[in-house]
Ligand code: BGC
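Quick heads-up: it's one chain on its own, the form predicted on its own, in structure tokens.
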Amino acid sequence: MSMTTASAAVGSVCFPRSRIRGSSFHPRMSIRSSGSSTDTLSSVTQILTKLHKDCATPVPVLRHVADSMANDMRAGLAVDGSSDLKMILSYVDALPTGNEKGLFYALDLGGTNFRVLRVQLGGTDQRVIATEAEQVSIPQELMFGTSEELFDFIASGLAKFAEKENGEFQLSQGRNRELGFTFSFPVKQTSIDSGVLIKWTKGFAVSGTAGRDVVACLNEAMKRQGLEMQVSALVNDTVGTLAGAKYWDNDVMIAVILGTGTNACYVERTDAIPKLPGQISKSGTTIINTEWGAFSTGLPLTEFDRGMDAASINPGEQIFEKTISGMYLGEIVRRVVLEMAETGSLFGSSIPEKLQTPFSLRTPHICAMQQDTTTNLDAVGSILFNEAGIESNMGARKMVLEVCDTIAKRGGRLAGAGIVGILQKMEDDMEGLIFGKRTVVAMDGGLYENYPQYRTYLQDAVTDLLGPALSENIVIEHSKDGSGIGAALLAAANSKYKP
């Protein structure tokens, strides 16, 4: 993968710098007297050695993380608020069967862009006849604006997309358009088509939405736009991914998103959910949205993680997400490299202002650097110069690559341990449910899709924890854009016009 390709490919997994509080850094061009090369190498080596130690993920550490994940899941299923994991009920108790027919829409809101999609379903014989999608960037000011402003902007984009409907896409007579709404923020779901926003994450700070039903917010905005469309299913992106993947492969039991942020959901037995209200699903199962980004027990953290967390808009929260997701990996690397420059003069006597700027080095950059196979690490040198203002020699480039690999390895292996924790919880509750037969984990997100080293480390951790025999039955499959089609399928499965 070339530097350009890698940067473009993974670009979707990172957030803009404006997300960081303005008071969290003070740019400066530091000039320092250069010490001896021996002193410089010694200081930098010490930082790298400590980083390796603090980020280490041997099997005992991973096993503790997996066990803690399973325990926190049980606590969250028992009583709301008793665990870092919210274990949110999705109210999806009937997944699509393949018999669904008609035209359905999906809206996916989960980051700096939102995506709109339409899908024509043809039932058992034809399945998905046609799909069409568009992506719209959200202006940064709307991420800090009012609820009405944000939802009006989204509804306007949806209305423009609906106007282009033609050809293979046919709305059944006598029906309004129906929408599956993928909303990838913590929501207290109250039914399949309603849910109250708990809080914004991923850098959003929109006023007037927390505590409100987000479906009502969108329905009201669509009405203001004159768009005749209604939300039939509210889903998290992981829930949509699971539904979309299970439509094609019945062995799918877990879905994980690894992109800008991260989350996981899985199929749970209703009799294993003590906090479940009176109604019991006909299927005896439902999908649980873990909100695993909030997990924090037993994670190997460094001084750089703590510094980044303290400077974030949500200190002390989303620690697992800050350790494994695409929004943060590049920033952790930048902080380590800055320390090497300040303490060890890794790049000489001056420290560029760019390097001192939070989020100037992003996950696409560290991914692209790790794909560099040139003799002189030319791509690494170019990225360091263009993105961080750094003039580097071969030794410095190798050091930076070591940092990139250390952070990516920790992230991938911790994500793998989290997956094993979910599998373990399911198996402990019903022996033979998971292990010993084919079980599929559907994965989506730009980080997983475009960062090969990260993917490898994740798979290695699953194998290390389960052993070669059991891990052979755990199939980790990429389900690209599964959440969009999954949301449309769930809208179809929960259609207001369903006989």
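Since the model is a prediction, treat every value here as computed from it, not as a measurement. Numbers for residues come from their place in the sequence shown, where the first is 1.
There is another form of this protein, the form predicted in complex with the named molecule, and it is not shown here; the text below is about that form.
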Based on heavy atom distances of 4.5 Å or less, which listed stretch (318-326, 419-427, 133-141, 396-404) is in contact with the named molecule in the model of the complex? 318-326
Can K202 be called a contact residue for the named molecule in the model of the complex at 4.5 Å between heavy atoms? yes
Distance check, P352 to the named molecule in the model of the complex, heavy atom within 4.5 Å: no
E291 near the named molecule in the model of the complex, any heavy atom under 4.5 Å? yes
Taking 4.5 angstroms as the cut-off for heavy atoms, does T238 touch the named molecule in the model of the complex? yes
Contacting member of V252, I257, V380, V92, with respect to the named molecule in the model of the complex [4.5 Å, heavy atom]: I257
The named molecule isn't shown here, but in the model of the complex which of G261, G244, G330, G411 has a heavy atom within 4.5 Å of it? G261
Under the 4.5 Å heavy atom criterion, name the residues of 360-394 that approach the named molecule in the model of the complex, in sequence order. none
